[in-house]
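Only one chain is included here, represented as structure tokens and corresponding to the form predicted on its own.
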């Protein structure tokens, strides 16, 4: 039977048939910035579970959007009962790496349970699977070869081949998934960079031919620091039957000043009606840089690292950084966007992290309490910080979308960056005086 009519693959003895590529996902651009590539879109996810399971779910997420980075399907410090306290539906897209499950239930077990939705008891959330997550599953390009991509994980280093990767994707049944990519550091040689592009395109074809899930496929685009290689990869991937695009290789030694050129070179060649995802752009300035290039989906590894360090986000959501001239703040290294709640100056501070914030943490606890929890190494500190930081960043994305709709995005970006520079300069000068 022709492949166009019916595609079957056998995974561990089970025959599964692929479904139309766009069955689970729809995307439409709703607004553009006045001059530029920034845009507001609507991502719609829908799926029906096996007979006897929960009803079909419908999720609508406005983009640009933040994907909540997870460990084995759940945010590192937020339990399922606290997920509902975050802004909805903004918080209903969860990102995970199949590599996280290599030391847990095997593929057959996860498939029998019904995939990650049923395994985690979160049928009303959308899941996006990708090999790399910038926290616990890092590409190790020196060990990758023509057979598969190598990753450093908490369980050790793994060489993952397309067939093995597709077995994991098939068992986990995510709503969206990213094809296997050979992501390389920006400093690799021209020859190695070209090889990564060739491999990524070939592995995309393998993933398409082995596809046995109705999740929407995002084709990976790599190319290191070469505009030509990234454009070549983008053109090839755009020819394939994919529902969206994943821009890989960022946050791996690339030059921040050169990043805009690389992003624009790729997005200019991609069809406007399909979403774009990127991994490795976490700082507020980097998010604004990605949005300006037309990126729709971002990961939240920045929030995870902030929380681990005991930091809380405080920057005003209008994009204007407050000029705080307090000598103690400067001495503690505040940069105008976050504060370190481990600092002794918060030991007796009974105020909330951010006045007017409606997150669970700010509504119920003070800086002094979180400072205490951090200094006695109580895990509740990370839970409360993760809730606040995630809530604050999700609200930041809402502000970005509103600015695009109202034709103020360029102004928002410029104001945010300029005020950040002014603050850091003032803090630098102040620290010399102290």
Partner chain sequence: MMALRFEVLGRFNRARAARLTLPHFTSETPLFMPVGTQGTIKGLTTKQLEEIGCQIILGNTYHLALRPTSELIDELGGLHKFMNWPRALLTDSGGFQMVSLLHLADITEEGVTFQSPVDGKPMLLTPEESIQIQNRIGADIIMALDDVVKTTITGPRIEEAMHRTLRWIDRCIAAHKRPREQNLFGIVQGGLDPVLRDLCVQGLVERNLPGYAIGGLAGGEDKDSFWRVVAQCTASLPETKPRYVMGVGYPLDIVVCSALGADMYDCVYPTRTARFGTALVPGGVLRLKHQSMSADTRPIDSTCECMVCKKYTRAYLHCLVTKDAMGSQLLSYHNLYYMMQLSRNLHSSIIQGTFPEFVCNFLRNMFPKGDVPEWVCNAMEVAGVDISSCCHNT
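This one's a predicted model, so the numbers in the text were calculated from it and none came from an experiment. Numbering follows the first chain given and starts at 1.
The protein also exists as the form predicted in complex with the partner chain; that form is not presented, and the subsequent description refers to it.
Q: So in the predicted complex, is the partner chain close enough to residue 46 to count as touching (4.5 Å, heavy atoms)?
A: Contact with the partner chain, no.
Q: Residue 373 versus the partner chain, in the predicted complex: is there a non-hydrogen atom within 4.5 Å?
A: Taking the distances in the predicted complex, the answer for residue 373 is yes, it comes within 4.5 Å of the partner chain.
Q: Does the partner chain come within 4.5 Å of any heavy atom of residue 282 in the predicted complex?
A: Residue 282: no, not in contact with the partner chain in the predicted complex.
Q: Is there a heavy atom of residue 365 no more than 4.5 Å from a heavy atom of the partner chain in the predicted complex?
A: Close contact exists here: in the predicted complex, residue 365 approaches the partner chain to within 4.5 Å, heavy atoms only.
Q: Pick from 174, 223, 98, 75: which has a non-hydrogen atom within 4.5 Å of the partner chain in the predicted complex?
A: Flagged contact: 75.
Q: Tell me, which of 189, 145, 241, 109 has a heavy atom within 4.5 angstroms of the partner chain in the predicted complex?
A: Going through each option in turn, the one that passes is 109.
Q: Only one of 273-281, 294-302, 224-232, 345-353 gets a heavy atom within 4.5 Å of the partner chain in the predicted complex; which is it?
A: Selected range: 345-353.
Q: Counting heavy atoms only and using a 4.5 Å cut-off, do 66, 90 and 309 all touch the partner chain in the predicted complex?
A: No, the whole trio is out of contact, none within 4.5 Å by any heavy atom.
Q: Going by the partner chain in the predicted complex, which residues of 90-109 come within 4.5 Å of it through any heavy atom?
A: Contacting residues: 101, 103, 104, 105, 109.
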